[in-house]
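Given as structure tokens, the chain that follows is alone and in the form predicted alone.
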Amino acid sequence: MNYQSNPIIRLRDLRKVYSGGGGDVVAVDRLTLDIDPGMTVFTGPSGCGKSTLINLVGAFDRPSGGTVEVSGIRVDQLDNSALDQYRRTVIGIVFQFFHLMPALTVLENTALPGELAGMLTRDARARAAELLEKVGLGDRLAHRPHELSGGEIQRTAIARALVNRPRVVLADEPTGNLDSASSERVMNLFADVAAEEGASAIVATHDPDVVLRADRIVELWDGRIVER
């Protein structure tokens, strides 16, 4: 697959409906939005569609209707093999529950996406060490997840999401378990990635301090945009 050097996300008439015993739930309701390089923050009350949008752009969920286009690629039309490559090389994800490998060190966990994408181990670990230093974990490289605090685990997950220099960085409440100093450090890193590497950083958050760092704020309500 060929990707443009300047990423852009185009969502057109996007819809996501979850069906259950209690009836259909419309999580995203015919949403149309363009996202350019920089940091875009999705904000709004719980259940407004923020996390669903993160999952749709990251191709961890399929839309019920409409299109998801990233760097000219129709993500909603990719087959499983192409989706794997997309997630490994184009998207960096900060998962809500982190998903660190308990047997691996902080350095190994952070470098893993790079190695899976084909980077030499020494290059992936050099990049990982650089990022871990930036998020204040330079002295924790040899530790394992069970030896870290909740905030340290979260910062490790954030560094790991950036190791491949992704075109799009997706984060769901990335500062939820961080103190104010760590939160500022992490958001500085997101801003650096967006500015220096031309990435589109998308953050779903309730944190007003994160909202203040945004290049663009998209407010959601019941799966629709209510303010831009």
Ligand SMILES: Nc1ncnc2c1ncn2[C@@H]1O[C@H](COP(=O)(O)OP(=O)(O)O)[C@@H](O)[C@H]1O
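Model, not experiment: these values are computed from the prediction. For every residue, the number given is its place in the sequence shown, counted from 1.
This protein has a second form, the form predicted in complex with the ligand, left out of what is shown; the following refers to that one.
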Using a 4.5 angstroms cut-off on non-hydrogen atoms, would residue 48 count as touching the ligand in the predicted complex?
yes
Can residue 52 be called a contact residue for the ligand in the predicted complex at 4.5 Å between heavy atoms?
yes
Partner proximity in the predicted complex: residue 27 to the ligand, non-hydrogen atom cutoff 4.5 Å:
yes
Can you tell me which of 38 to 46, 160 to 168, 180 to 188, 195 to 203 lies within 4.5 Å of the ligand in the predicted complex, counting heavy atoms only?
38 to 46
